[in-house]
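Okay, so here's just one chain, in structure tokens, the form predicted alone.
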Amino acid sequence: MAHGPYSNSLPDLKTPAFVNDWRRGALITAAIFAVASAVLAYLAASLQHDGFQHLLRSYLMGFVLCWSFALGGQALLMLQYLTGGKWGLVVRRPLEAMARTLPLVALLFLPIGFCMKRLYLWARISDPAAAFKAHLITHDEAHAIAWKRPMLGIGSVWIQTIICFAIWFTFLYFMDRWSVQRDADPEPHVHFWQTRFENISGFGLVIYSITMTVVAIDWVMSLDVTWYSSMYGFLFLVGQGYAAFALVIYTTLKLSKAEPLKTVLRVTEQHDLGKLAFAFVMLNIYIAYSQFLIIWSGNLPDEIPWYLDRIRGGWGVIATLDFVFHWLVPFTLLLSRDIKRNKRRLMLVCGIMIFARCWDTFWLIAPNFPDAARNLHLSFGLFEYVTVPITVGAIWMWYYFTQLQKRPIVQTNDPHFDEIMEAQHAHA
């Protein structure tokens, strides 16, 4: 409920009807690529005997991307509540919808959880000393599995995962409940609601950083049990913000083709969103390059192979394109003021950023496996890294659009609503 002079200036605050078409398109896409994934898995199993293995690896990639969007959306929502700003009014509903997809992400984890032995070396080896004597693993792998067993065990990873999801669900419950109550508040208790959201968001961002780091280690970094990086959690933290913010900007710009965002989204706030996207691109560059520089200059035998696995045997092309897509192109384009203020061009940049995050996730995951490290080769299994993540991502997008339709697209009971609707700042 709005209470300012502009509270009745918008005819309809509902999500535009064309979001139904988005939902339908997401389901159709999921069905088409699910069939393609099954065909590729069958061909890979028939010709190369590794169909299910690649299917599971590519599924992990799709799961990690969906988790990044959902949890990244929740973290950005907390960040917006903590910092304030008019730009948050236009992206808050999409961010809330992204956060409410966490239950689906929890369900998507189940295949990973039940198939750990097929993905993770530490899950397959119960006795590292005996496995080493049988020449099944190297000395470094045996040593790493033995010392990391308290954290990297099937039971302990399940417990950590359940605890982390429970914590994220707790924050989601209170933030979502308070958002509904704030909308229904007959009086604009601005200070009360701001204080409540700031308090939970400040604490929540700290807890988010810790829990996200724990599962990033469990689900992704432990694919190479001998490797570690103290910056890995922060790298994922920034990557989630990078991907989720690109998606929320893209969604908002698409929604602004119709009311109410056609009126609410001013060029000023669009420019602000573009500048924030640029900040995430710069931070992403800084973190990724810092990790590379430290490890490469140190040249330690227990660290440097991780990068060698990703730049030799054909992977250098993937790494080079990752740099181009992930940093060079968006950084160059977002330097332009005109691009940030042009809807179509800004949407193009955000689309590139989302694609780049998918490319980077492939580069992070695929070379961890012995048959792929320093050995990029065309196979039916390789194409599954395209079809399976698209299938999983399309299912997630369908649920995201479903959640987006459940609330008015603009939260009018907000201190910035009347300011953003002032005539001298009308949407251009």
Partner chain sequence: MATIPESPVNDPMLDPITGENLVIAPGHTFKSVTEEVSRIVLTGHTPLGWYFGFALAGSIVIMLLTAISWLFLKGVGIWGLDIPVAWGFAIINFVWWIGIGHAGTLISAFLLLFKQQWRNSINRFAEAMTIFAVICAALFPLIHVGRPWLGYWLIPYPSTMNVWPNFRSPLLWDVFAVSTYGIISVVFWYIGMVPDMGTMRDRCKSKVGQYFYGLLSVGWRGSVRHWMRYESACLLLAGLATPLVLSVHSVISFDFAVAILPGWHTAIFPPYFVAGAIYSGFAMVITLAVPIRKWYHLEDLITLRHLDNMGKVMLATGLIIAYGYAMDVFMAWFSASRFEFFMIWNRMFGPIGWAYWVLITCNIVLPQLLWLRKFRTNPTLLFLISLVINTGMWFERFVIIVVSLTRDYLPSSWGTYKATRWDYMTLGGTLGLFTALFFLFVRFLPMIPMSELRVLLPQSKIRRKAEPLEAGD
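Quantities reported herein were computed from a predicted structural model and do not represent experimental measurements. Residue numbers count along the first chain shown, from 1.
Omitted from view is the form predicted together with the partner chain, to which the following refers.
- Only one listed stretch (151 to 159, 248 to 256, 343 to 351, 106 to 114) carries heavy atoms within 4.5 Å of the partner chain in the model of the complex, and that stretch is 151 to 159.
- Of the listed positions (265, 276, 78, 121), a single one reaches within 4.5 angstroms of the partner chain by any non-hydrogen atom in the model of the complex, namely 276.
- The partner is absent here; in the model of the complex, the one residue of 83, 126, 170, 138 having a heavy atom within 4.5 Å of the partner chain is 83.
- Within 4.5 Å of the partner chain in the model of the complex, a heavy atom is found for none of 30, 36 and 165.
- In the model of the complex, residue 25 stays away from the partner chain, with no heavy atom inside 4.5 Å.
- At the 4.5 Å threshold, heavy atoms of residue 233 reach the partner chain in the model of the complex.
- Though the partner is left out of this view, residue 228 does reach within 4.5 Å of the partner chain in the model of the complex, counting heavy atoms only.
- Contact between residue 176 and the partner chain in the model of the complex is not found at the 4.5 Å heavy atom cutoff.
- Residues 181, 185, 189, 190, 191, 192, 193, 194, 196, 198 are the members of 163 to 199 with a non-hydrogen atom no more than 4.5 angstroms from the partner chain in the model of the complex.
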